[in-house]
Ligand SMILES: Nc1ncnc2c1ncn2[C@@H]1O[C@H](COP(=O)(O)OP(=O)(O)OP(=O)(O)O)[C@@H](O)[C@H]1O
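A lone chain, given as structure tokens: the form predicted alone.
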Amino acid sequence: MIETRNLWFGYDKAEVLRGVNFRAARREVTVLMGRNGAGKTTLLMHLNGLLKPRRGEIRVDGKKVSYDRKSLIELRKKVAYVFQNPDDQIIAPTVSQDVAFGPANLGFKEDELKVIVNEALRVVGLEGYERRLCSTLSGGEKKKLAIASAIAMDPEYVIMDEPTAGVDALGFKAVVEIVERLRGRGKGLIVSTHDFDLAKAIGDKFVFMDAGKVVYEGDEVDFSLARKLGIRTFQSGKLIVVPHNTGIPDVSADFVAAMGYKAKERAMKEGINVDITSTVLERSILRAIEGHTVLLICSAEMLNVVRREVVKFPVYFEILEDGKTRVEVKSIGDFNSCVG
């Protein structure tokens, strides 16, 4: 496990980290999220000794990090860092030379290096690129190369700072697959991202930062909290849920859905034209994700089911309990209670 204890750090007089306590375990993907300036990259750079804290300490597998040259070399063999901009990391002319650079400095022989390079490139999907000039690679290919060069050292932990920044859908899928492969090999991964989609696709544990502090950690990611912290999410619509036994509001909705026979009876009684009557919850969520406003009349007995399921998706979600009182539902509690 990588752990920070009461970590403080600042540039000049500005405090960037303010008493951060953070943990990331092996065989898990810990996703670090927060708005620009929250302190995410600064925290990550402490985890393999790129920065030294003003106060507090970092421990890797129970051992306190030291900052002499020998200790930092050992730390960086154990904890690899993949920068957001791969050009900050790529240092050799060709792909194979770049991947081999770290292991070569550790004294591996040429035949061993060939095996290491081939395996690292296979993991990231760059087989056959060994002789390619790094300067000719696309942005997504450079990101893969940076990851390959990091994992060639066979680290126990891999840090990735914004790995999907600037990549297309295929690049996104490739990053997800790489992360899954590394987790399957028992690596601990710490991934910083603004991308809610990526977080949901790969995360085992989620840590939210704001203003230099950890404001939430848990094994679920919450859409409403992510939005308040400036994390990129779908441009979604809204799902307004009304129990069947309360007042039906006058809402300008693109679609009206009725879930449960009591809800359908209520809609019929009120003369409401219902658009969605089958696979109701799934279709209502999909329409909201697409950007529509959906009024969902729900049998009161099914409200907890709706509440439990909807918070898994990136949609605005409101319950009108008496036809007019709006209650925004959160899966991990109110944001204000998270920020101490």
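For every residue, the number given is its place in the sequence shown, counted from 1. Computed from a predicted model, the values in this text were never measured in an experiment.
The protein also exists as the form predicted in complex with the named molecule; that form is not presented, and the subsequent description refers to it.
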Contacting member of His194, Lys213, Lys187, Lys200, with respect to the named molecule in the predicted bound form [4.5 Å, heavy atom]: His194
Single option in Ser278, Asn36, Asn304, Asn273 placed near the named molecule in the predicted bound form, where near means a heavy atom within 4.5 Å: Asn36
Interface membership of Thr42, the named molecule in the predicted bound form, 4.5 Å heavy atom rule: yes
In the predicted bound form, Val16 touching the named molecule (heavy atom, 4.5 Å): yes
Contact label in the predicted bound form: Glu162 to the named molecule, heavy atom within 4.5 Å: yes
Stretch in contact, per heavy atom within 4.5 angstroms of the named molecule in the predicted bound form, of 28 to 36, 283 to 291, 53 to 61, 305 to 313: 28 to 36
